[in-house]
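The chain below stands alone and is given in structure tokens; this is the form predicted on its own.
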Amino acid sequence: MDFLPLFHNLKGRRVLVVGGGEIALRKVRLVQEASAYITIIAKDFCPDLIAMDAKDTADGCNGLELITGAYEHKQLLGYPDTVMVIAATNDRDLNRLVSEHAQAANMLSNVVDDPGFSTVIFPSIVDRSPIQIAISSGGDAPVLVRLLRTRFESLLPAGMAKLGSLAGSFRERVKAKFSNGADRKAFWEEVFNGPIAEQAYANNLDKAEQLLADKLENTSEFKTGEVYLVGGGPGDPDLLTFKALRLMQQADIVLYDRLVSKEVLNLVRRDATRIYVGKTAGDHPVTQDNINQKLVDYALEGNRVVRLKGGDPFIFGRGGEEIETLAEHGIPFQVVPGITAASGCASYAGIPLTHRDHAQSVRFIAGHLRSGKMDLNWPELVQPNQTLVFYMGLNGMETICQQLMEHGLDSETPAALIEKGTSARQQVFVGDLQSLPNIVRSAGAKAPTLIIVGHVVSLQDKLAWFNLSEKAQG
């Protein structure tokens, strides 16, 4: 990310603004709402700034100071308590000079409409204080940011501010009642998703407060331990289900494997503990038995645990083994299906798994080598009018192609390997049983990959729609 989102406490702190026009006015209004002391240096001031200064003086606040004149470096140095400097003139060179001076003095600097010379930028804000949402594109797409803000404004009830304040008034009491962090989270989630929240949204604050007090008095220890087996799909985060995303946001602990994309993992709740339990061919630093036991142990401690898997938990994902262990120990669990790699990668590569003219059935096959061998029922795999999809087949690709040809498939049977399917790095290598291994090895393809064999592959060139610039043809 180009900028780290932070919320600054400017109450009682000085902010120096250079510029007195409409541009400066917008920034001054925001900073003033944060209760900062504001010093503005400019040759001239717009009428609204003059009016703000007059009102501040009349109210006896002394939070706004106007200095008439051209900006000089010594003025900035004359306010060593300044925490942020805003350059908001219509002179680009002057703005950048002010920013250089501020940064040299280790002050935060914002240059209006020039993020490259800023150390902080102002986001678009949805304000339901104490709840606030900040949206920014780093200056790249301000119109898009405004559209997003409009959507958030319509989604968040005005009463959310009152609900936030009510929660704040009970925070210490809840903390004293529930020493366990997982119990506190569970308590507040019930508050924010139930009748207490609805009463606050309806402006019935006395009723909401009474309901919250009653709930706190009558709620004892929570039993929150549960495990969610969540299919993370083949990589594109847009392919996650709503339920998967909801449970990922509730998790206290997340155990994830190597096939979970970074983009999907980033959607997990930020403060959840993340534990990598990935395995590769011939390298199992965390055994399956160990993973099973971790799920049990973490759940027994009262945690909500997400076991996040690439693809679908029940298709070559060992999900069945994991929930067997959970059931044996009486641990509550849920299973959330995900889009399996065969479906997702084939779709994004433009290869239909079935087609009336080419294939009336499809088989999913584990294609990894065991002790250098691959023991499959090859005669069943060479039946006509079917599509074969090999998971984990990159290392054994030569064996797969050779065995299919030896058992009766024509050497010119179309075949494809999809690398990093559904991601921006997707590449599709197309050939036939004879040529595909050389094509793939020459390109240096790396896992995760998927191999598809069958006449449906011949449609790929016509139907490819995703990431065409990354496609490689053999």
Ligand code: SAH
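Owing to the predicted nature of the structure, the values given are computational and were not obtained by experimental measurement. One rule holds for the numbers: they count along the sequence shown, beginning at 1.
Note that the form predicted in complex with the ligand isn't included here; everything after this is about it.
Taking non-hydrogen atoms only, Y391 approaches the ligand to within 4.5 angstroms in the predicted complex. In the predicted complex, the ligand stays beyond 4.5 Å of every heavy atom belonging to L308.
Taking the partner from the other structure, the ligand in the predicted complex has no heavy atom within 4.5 Å of any heavy atom of F170. Using a 4.5 angstroms limit between non-hydrogen atoms, K420 touches the ligand in the predicted complex.
This chain is drawn without the ligand; in the predicted complex, the residue among S118, T387, N95, T340 with a heavy atom within 4.5 Å of it is T340.
Checked against the ligand in the predicted complex, the residues A24, L16, L450, V457 give one hit for a heavy atom within 4.5 Å, which is L450.
Heavy atoms within 4.5 Å of the ligand in the predicted complex belong, among the stretches 391-399, 129-137, 269-277, 171-179, to residues of 391-399. Within 4.5 angstroms of the ligand in the predicted complex, the stretch 154-180 places no non-hydrogen atom at all.
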